[in-house]
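Take a look at this one chain, the form predicted on its own, written out in structure tokens.
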């Protein structure tokens, strides 16, 4: 139930874009960012997720359902929590845009308040349901909301990766809690297998690791993600199951007027 981090990312992605004339040596940071953006070629997606939040000896388990749809340069996603009881039916809805001049639309509904609240751009920096993920980590982000610099070729767990550095453009800098992100993109999956998040003083804040990649209907998808806070005894595991693409569903699920229903 999380938007492709999303994707966070959501925070929380095989129809990969590769410039027709380019060789591996010619790729720019933006070329690689576009590959990641285009890796999920689906029109829509549905999946279930379990989020386990660990802080010292404390453990919180949250179960959710996620929907996403792509419509031109707009992407919509919905996250609905099914458990535990105290957050059941809480929902996050987002309409995000490739056009960086358009403001994204984000809403949240908590049954205990019985009110739909709109989240401003700066609200993306807040923690997602008390986890190590920020809301911006699981939301779709336009490629051109950042500048992207190719750093090097490298490897992660024996797999070849490209490493790029992404920094928010000036007009989007107030929407992020990060000074930069260093993204390790698997050359086969065309997806991040590791992301390092730094603050504006270049201090490492946290590290995300993705794994359990599966090819589902021609689309590479990460089955789990772990976000580890740097210097803290806390981390969050996100595990995805029952992932399906291009099944089609009623678009009214993304209507913010229906969040209370």
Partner chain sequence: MAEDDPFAFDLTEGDDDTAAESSAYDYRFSNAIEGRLRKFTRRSDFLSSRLRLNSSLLLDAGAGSLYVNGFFDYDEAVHAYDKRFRAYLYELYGRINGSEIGLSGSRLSVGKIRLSWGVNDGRSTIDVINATYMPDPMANGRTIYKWPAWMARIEQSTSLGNIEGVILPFGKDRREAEYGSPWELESVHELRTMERDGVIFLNEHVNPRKPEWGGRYIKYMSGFDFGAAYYSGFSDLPVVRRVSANSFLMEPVRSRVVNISGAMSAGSSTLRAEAAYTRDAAVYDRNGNVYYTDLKQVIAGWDRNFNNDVYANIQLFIDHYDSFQDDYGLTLSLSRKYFHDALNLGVNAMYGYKNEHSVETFAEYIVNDSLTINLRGYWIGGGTDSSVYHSYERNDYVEIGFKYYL
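Residue numbers count along the first chain shown, from 1. Small disclaimer: the values here were computed from a predicted structure and weren't measured.
Although not depicted, the form predicted together with its partner chain is the subject of the following passage.
- The candidate spot formed by 114, 229 and 232 is fully in contact with its partner chain in the predicted complex: every one of the three has a heavy atom within 4.5 Å.
- Interface residue among 89, 98, 149, 160 relative to its partner chain in the predicted complex, by the heavy atom within 4.5 Å criterion: 89.
- For residue 102, a non-hydrogen atom is located within 4.5 Å of its partner chain in the predicted complex, even though that partner is not displayed.
- In the predicted complex, residue 120 approaches its partner chain with a heavy atom inside 4.5 Å.
- Residue contact check for residue 224: one or more of its heavy atoms lie within 4.5 Å of its partner chain in the predicted complex.
- Contact check for residue 241: a heavy atom falls within 4.5 Å of its partner chain in the predicted complex.
- The candidate stretches are 140-148, 182-190, 105-113, 160-168, and the one lying within 4.5 Å of its partner chain in the predicted complex by heavy atoms is 105-113.
- Applying a 4.5 Å heavy atom cutoff to its partner chain in the predicted complex picks out 174 as the lone residue from 171-190.
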